[in-house]
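One chain is shown next in structure tokens, namely the form predicted on its own.
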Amino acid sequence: MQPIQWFPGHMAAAIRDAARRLVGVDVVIEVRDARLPVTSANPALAALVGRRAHLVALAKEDLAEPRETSRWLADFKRQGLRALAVRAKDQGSVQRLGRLIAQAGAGRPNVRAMVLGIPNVGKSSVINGLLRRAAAKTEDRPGVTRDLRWFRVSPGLELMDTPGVLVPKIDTPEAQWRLALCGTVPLERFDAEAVIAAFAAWLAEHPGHEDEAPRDLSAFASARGCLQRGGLPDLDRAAQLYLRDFNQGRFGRFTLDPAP
């Protein structure tokens, strides 16, 4: 597949702004996609943390394989990283994150936390879950949050939402199709059919899923009624539906980064 590169100007500015705003921040919450615990990390963001308390929140945990998520959390613990899986619409998991933030704040009366991550991993959804209201902008596409905003979660906790920032260069083909499949890159920036073909090849090498996604895009197009004149499959429209269905969990739960 063709290389995917997407690093608009606002992302470079966002890194600079985040670095400036870190003065006075007590805790950094790095949100990653639970399906991509490593691929969805941005080393440039991790480098900003410094000596501050660092939490990793694996968002969209309801789309990832539970056993693999447990393995990843155990591995993060071995690395000395505080991490937990979060489903933004599940108040139980969100409140566990809130307690972990308070613990990381080391007893400060007012904890200020910054939420970082690549585009569309669920940062704003996590903030809305903690706020119990829709305050931060959320959409199922990358690049929605453009500004840095503070939110008062409770008398003792403030959170800053930040724009999603990808790395300037996505180094490997595996990382490219995985990030594209999981919605962190705008649809117009990649060949959706090539991404789905790469995922189908991955599926062939990783049997054992209870609900495996369709491997043949033409068959998927016919099944979903994505047909052109003459009954030919409309692969472009089918590919967009396929990506949407994948990210809504209609094919089952997948973890694309294998746990150690």
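Start at 1 with the first residue shown and count on from there. Please read all numbers here as calculations on a predicted model, not as lab measurements.
The form predicted together with a small molecule is left out here; the points below concern that form.
This chain is displayed without the small molecule, yet in the model of the complex the stretch 84-92 from 154-162, 84-92, 171-179, 71-79 comes within 4.5 Å of it by heavy atoms. Residue in contact with the small molecule in the model of the complex (any heavy atom within 4.5 Å), chosen from L130, V185, M114, I118: I118. Among residues of the shown chain, L63 is one whose heavy atoms approach the small molecule to within 4.5 Å in the model of the complex.
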